[in-house]
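Shown next are two forms of a single protein chain, provided one at a time as structure tokens under the names structure 1 and structure 2.
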Structure 1
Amino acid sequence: MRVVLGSDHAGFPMKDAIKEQVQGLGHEVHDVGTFSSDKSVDYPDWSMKATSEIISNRADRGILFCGTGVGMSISANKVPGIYAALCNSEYAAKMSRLHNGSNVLVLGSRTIGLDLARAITEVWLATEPEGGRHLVRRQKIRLYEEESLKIEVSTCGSGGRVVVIEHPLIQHKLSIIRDKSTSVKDFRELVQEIAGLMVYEISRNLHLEEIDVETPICPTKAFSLSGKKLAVVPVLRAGLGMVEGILRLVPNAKVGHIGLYRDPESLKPIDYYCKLPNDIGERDIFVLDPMLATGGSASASIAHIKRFGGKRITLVCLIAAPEGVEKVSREHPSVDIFAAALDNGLNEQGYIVPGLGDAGDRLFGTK
């Protein structure tokens, strides 16, 4: 791992000691300074030097030092894509990685001793972030940065996005399909409507190209989807319920199909059919799997598509469980996951709780 270190004059002595420790643990260290405790310097300058190394992907993580650690943590967290944690215990260091995905550790040289600082550093470097609901919460922070600053925030190696679409219309319709008394006809129509509403969010990053248009008044510049190469790939059979809703808005998309079923004992996916467009590698691909439960079927479907050359893949679900999100994110870290809801988890039968039951049965009136 590439670790960048930075400090002001007050943090310099501890930085020098921790530098030796990090190198001893086998990591590559880049020290941006300061290089003496004799001259007073301004902590924001050294914080920015260090964090720029992470944002530019020249470092994977960073450790910052000042007297209390407060100044370094405040200045570091002004940089989009930097998630700095001021830690005074091993537990805080572990949780800052496990739950919060911190990419910068901040230590106060005048508030903790060197032995504790070394213990905190070792735990922080050794801990990897958890997925599931913690991944979703971290993603919300990143999305807030993007929306408020109007820029795309670097993932800093965290992989694809997990986006829960909380639009009121989607949530309203979702509550109706959760209801066990909703008829097959209404359930089927509502699933299509929800899928159509989700298109606005899942297609947000499609590329546009400028074109010339002649209006009834005068010529003007307008925008068109670049290439218009889209593919919709439902996971049979429940995924079929989402196809029509998406095609109403992107009617030129080609449709592939992947057939899998879940072994009732092992809960593992078993494939029986796969038919994709010949030019799948050139297309933006929406994989449709209404219920992301264990994640087995979705992950296997994405693996199928990759074997056929698919690259730009997005997974679209109605309801997801943390277990499924974690599996897909771990096995396919570049794939974005969009869902209308993230539920509590799975029961002993592998169904999402509270969920909506078996989406395929409710779509097609079978048991």
Structure 2
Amino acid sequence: MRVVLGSDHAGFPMKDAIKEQVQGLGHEVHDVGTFSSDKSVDYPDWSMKATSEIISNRADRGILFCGTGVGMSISANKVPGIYAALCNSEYAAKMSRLHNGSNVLVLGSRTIGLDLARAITEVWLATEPEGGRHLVRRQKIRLYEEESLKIEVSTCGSGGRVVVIEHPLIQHKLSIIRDKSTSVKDFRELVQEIAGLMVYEISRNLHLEEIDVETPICPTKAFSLSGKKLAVVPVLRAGLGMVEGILRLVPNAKVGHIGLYRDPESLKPIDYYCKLPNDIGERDIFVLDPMLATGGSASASIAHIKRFGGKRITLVCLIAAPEGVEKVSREHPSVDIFAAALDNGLNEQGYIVPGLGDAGDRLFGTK
């Protein structure tokens, strides 16, 4: 995980000690300062510096330090998408992750000792947010932020967003594939086109790095996608229908495959095929499953990818049912879900209503 650290002069000694601990736990640390306790500095400057790393997706989570922790937590919580928790006990730290999905931990160097700070840090880094009613509560906070500030809050590290992409072009093409008289050929082409159009939105938080470019006029600074890139993982077989549309825009993405079938007796998804890129743990992963119905196969696929080391996972579907969204959000609260439509629900056979029927059959002409 990429952890950003920031402190004022009062928090500096504790930051230095915790930095070593966080690195020792195998995390990538980005220390934005301050780097001494000699000069008195203003804590808001350092909390803004650190939190902007999270908001711009250069860090997954952050830890801030000042004398009491109060100033840092007040200022960090002014930043949309930052959920900073000032913790004086391991219990509060654990709950701040489980229930509140805090993405910033704040520690007061003059109010707690170093041993307690270390214990708090360890439990906070190791705890993942819970779904269910806690997810609903976190989404209410996010909704409040978005409505009151008229912005879209995008935070990595806390995850769990459900984004319906209402772009007119996507909605227009979606209506055509819903139509039962659309031919297999048109259906196939349109699914690829919709998946391609969705790339613009699902790739919004990819990491960028500054590069030097020489234009015909002069040298300039520009941006390039940084680090390990993307992995696209279609859930067989319907997910295959979205792969080409995405690869057209991100041609260097690696492609993994996951095959699942539903055991007729237990109704549980059983995986029969799984081949993922070796470095899956270092990639941003887009799991493709056009129809998020009960959520059984999507959730099982995500669990499988996590077992292979996958961390930054986004689920991309064309049509989602509330039942599927609920299941994936509950079982994988840090996974963002992108869909072109959120439909009414499922019928008795488990099909999404109104949906578009069986995406696999319609893509491959098997019915």
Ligand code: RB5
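Numbering runs along the sequence of structure 1, starting at 1. Think of the rigid core as the biggest set of C-alphas that the two forms share within 1.5 Å after superposition. What you see is a predicted model, and the numbers here were worked out from it, not measured in a lab.
K.L.:
Mind telling me which structure is the form predicted in complex with this ligand?
P.N.:
The form predicted in complex with this ligand is the one given as structure 2; the other form is structure 1.
K.L.:
Could you check, with the core superposed, whether the Cα atom of residue 135 shifts 2 Å or more between structures 1 and 2?
P.N.:
The answer is yes, as the C-alpha of residue 135 shifts between structures 1 and 2 by 2 Å or more after core alignment.
K.L.:
Taking the rigid core as the frame, does residue 253 move its C-alpha by 2 Å or more between structures 1 and 2?
P.N.:
No, shifts by less than 2 Å.
K.L.:
Taking the rigid core as the reference frame, is the Cα of residue 14 displaced by 2 Å or more between structures 1 and 2?
P.N.:
Yes, shifts by 2 Å or more.
K.L.:
With both forms put on the same core, how far apart in Å are the CA positions of residue 117 between structures 1 and 2?
P.N.:
Residue shift at the C-alpha: 36.0 Å.
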